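Read on for two forms of one protein chain; each stands alone as structure tokens, with the labels structure 1 and structure 2.
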Structure 1
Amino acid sequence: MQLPGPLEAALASADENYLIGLCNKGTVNRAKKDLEALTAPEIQVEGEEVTVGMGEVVCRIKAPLGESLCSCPSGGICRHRITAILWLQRQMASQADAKELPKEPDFQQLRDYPTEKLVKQLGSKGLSDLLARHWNGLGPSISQTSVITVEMPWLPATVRLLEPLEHSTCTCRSKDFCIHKAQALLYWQLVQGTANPTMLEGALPKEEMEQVQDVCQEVRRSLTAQMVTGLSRLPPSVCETVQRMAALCHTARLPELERALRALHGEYAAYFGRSASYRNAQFLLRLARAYRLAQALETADRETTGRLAGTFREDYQPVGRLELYLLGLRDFSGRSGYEGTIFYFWEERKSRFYTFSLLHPTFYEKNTWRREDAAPWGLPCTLRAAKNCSLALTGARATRFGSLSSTQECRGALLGSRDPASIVPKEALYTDFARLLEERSSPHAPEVSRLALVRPARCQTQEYDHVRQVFSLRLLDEENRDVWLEVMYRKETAKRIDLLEDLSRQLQRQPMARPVFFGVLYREDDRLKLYPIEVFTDWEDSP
């Protein structure tokens, strides 16, 4: 059978990814099954196309493959057309083994697509968001085979770009060149260097930058006026002024500055509310932080503004398959108006910590929350019951700080109870506290970067501090460097303190015992301290 030249070339270059790009994976898999059952279809070459008759259905396959037709009523690329394409490819393969392999597509059409058209379609807001993501390194994950797959989980949308561009597909199922396709193509052009971010900046209206500058200048002026008047002479209405400025920052899409101002508002509220939690040092730091950020944003170019402005919320990015071990959990009740439980996992293959938070607002749903009910990712039991168990997650998503999403796309399987020593490698256990100070206790690092598994050489039990209501235990390494384990008594920590007191008694009976402590490191005065989340008393060294 002699196929028309353009069709032969199109069939040769269309691999499975390309076919998936034309329709979807399910249709291709179904077509593969149909192909196995297919016996001798009727073939007819007519000009530039080939007619493939398969029982009651007749497909007309031509180049580009996306323009092939079928007698069935399907609007998109149906399984019949894919079956016919696969059958033709099989015939070609059996006839011409010696023919040279098709080369990888160079996507010239996608490169040549005018960037101006994409910019016009996105509009100034869309373009501004896209550039901010690009500069912050929060763009999509792009993989390139015979098609270009662009995953944009924050939308969420996955776009498969292929040639000809009209046959590209999007998970929004739009047949047209939708906004997601335009975004995906522009991201790809930016990565390829076809589109220049500095030139794209020029397409943005000047008013946006002017608005940022105006807001920042207003913030600086207002904070300066507060400094001129002095805290002792300021009226309590300054709290509302700061809140209004934070709202202005929200409108101007400056989330970091908004947070800084809300933190400053908290200090003002504590001062005027005569709260015991008010600290001068904290007030100075928050005032200076908001001021300096506004100052930096006011004079920054677009790229720096994008980086300094921050993001309203962290995106969950796909992280594939994870093998997690639930090390511990802690109940959380913050002044932010949320409470719940934070679960801490160790990931075996990446050798890092992940967290999963089950939090709920307390301002209107008090006492309705049942912590034991949480069983995310389709697990057969609650997470609380899975303590010291291994889990396998497929299709997991997490933020860059390792906070896991409870997305329904992620499925979990319980692998059973295991000994933590067989999961966590020896190198991940901190026995040298100097290394602990250097690597896991940076004051401004997020909590996940300050988590550590600590194995002291010995422990010194301490008297319970009845004045400060603090339980403490001194952990020492081989060189007599110490870390202070401390838990302040509160309603939520009462049970934890009971367990630690039991441990203290056990350590007094067995001074040679070397438990492993899992917790969060922090610095206080001239001491390195640990807030314990879990204690493993029977951690056996792996051989």
Structure 2
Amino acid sequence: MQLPGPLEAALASADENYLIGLCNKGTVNRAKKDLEALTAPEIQVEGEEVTVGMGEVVCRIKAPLGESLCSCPSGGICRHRITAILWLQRQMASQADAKELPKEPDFQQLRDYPTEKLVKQLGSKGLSDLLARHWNGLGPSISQTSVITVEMPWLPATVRLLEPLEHSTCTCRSKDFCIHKAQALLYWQLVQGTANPTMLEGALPKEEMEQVQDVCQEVRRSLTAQMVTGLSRLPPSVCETVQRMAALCHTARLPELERALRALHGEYAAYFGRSASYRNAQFLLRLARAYRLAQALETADRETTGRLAGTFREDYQPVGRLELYLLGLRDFSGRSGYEGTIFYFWEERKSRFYTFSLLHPTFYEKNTWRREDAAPWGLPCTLRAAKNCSLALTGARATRFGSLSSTQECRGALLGSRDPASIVPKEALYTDFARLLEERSSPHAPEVSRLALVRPARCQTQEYDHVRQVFSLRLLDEENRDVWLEVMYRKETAKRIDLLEDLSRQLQRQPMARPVFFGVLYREDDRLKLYPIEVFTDWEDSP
């Protein structure tokens, strides 16, 4: 059988990935089964196409393969057409003079697709978001075989780019060239160097950069006035001024500067509220950081602005099935304007920590509803009630730093209460504080990278500091290297301090006791310190 030249070339280059791109994996698998049961279809070559008769259906296969037709009522590429294509490929392979399959295509049509058309379809906001992700390294996952697969989980959407482009598919099921396909193609062109991100900046309206510069200039002027006036002469209304600037930064899509100003507002609130936790050094650090960031953003080009501005939240990526153990939780009330509860998990199979936050903003209004009373992932109880219990999550999503999503696609099952020593391996306990300092206390690391389970050789109780209102406990390893456990008195830490004081009295009666402390490590001055989240007094060594 002599096939038309264009069709023969199309069949030779269409591997399984290409066929899946034309339809889906399920259709291809069904077509493979149909192929095994297919006996002697009726074949007729007509010009540049081949007619394949298979019982009651007739397929007309031509190049490009996506333009093939079938007599069945299916609107897309059906299993009959895929079966016919697979049968023709089998006949080609069985011929003695079968040609070697070509190598991976160069996708020249996709490279040549006008970038300006993609920019026009995305619009200024879509292009701005795309460039920000590209500059921050938060773009999609791209794999390339006979098709280009672009996974964009934040939408969520997965696009398979084919040649010709009109045969590309998207999980949104749009038959048109949807916005997801435009994003995927432009991301790919940026990675390939076909599209220049610097040149794409010119397609964005200048008003956007002017808004950023105006907001940063106003922030810098306001902070300068605050520094010149001096803290002791500032009125309490400065809190409202800082809140207003933070709202402007939110509108201008400058999340990092907004967070810096929310944190500064928290310092002002602590000062005017005469909080014992207020520290001049911390206030000056917050003020200086906000000023320097505003100054850098005011004079930055668009690429640098994209990096400095940051993102409002991390993207959640699929992580599959997780087997989690709820080690502990803590009530949180940050000076950045959020409060709620943070839950801390140990994942058994990956031997790492995950966190889940139920927080709400307090800078707009005081929200009295406690989100931690909710049951995420379809669990039969709240997370507070699941403390020291194991649970399994299916279809879980998390950020690269281990923050879990509350997506409804994830389903959880409660597995019951268990002893933490049976969950956490012995090697995950830190008894050598030199290793603890090296591995878990990087000052610029995210919180999940500074979580640790610490088991000291002994503990030295300390007097409660009534001036600073700080409870402290000195933890020592076998070499007398120390870690200082400290908790400053606040409304949300009052119960925690009561429990630690009970522990301190217990340690005085039983000085050889070796509890396990779970918490967040940080460095302050020349000391390594631990903020305790949970204390396990009856931790049994695993066999």
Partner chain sequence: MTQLLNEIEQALTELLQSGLDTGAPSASRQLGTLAAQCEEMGLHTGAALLLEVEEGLSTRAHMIEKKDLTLSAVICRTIRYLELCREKLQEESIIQRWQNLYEKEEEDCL
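Under this definition, the rigid core comprises the largest set of C-alpha atoms superposing within 1.5 Å between the forms. From a predicted model like this one, the values you see are computed outputs, not experimental measurements. FYI, numbering is relative to structure 1, first residue = 1.
- Legend: structure 1 corresponds to the form predicted together with the partner chain, while structure 2 does not.
- In the core-superposed comparison between the two structures, E49 has its Cα shifted by less than 2 Å.
- Superposition of the core reveals a Cα shift of less than 2 Å for W188 between the two structures.
- For D419, the Cα coordinates differ by 2 angstroms or more between the two structures after the core has been superposed.
- Here the rigid core is superposed, and L391 then shows its C-alpha moved by 10.7 angstrom between the two structures.
- Taking the core as the reference frame, the CA atom of D525 shifts 3.5 angstrom between the two structures.
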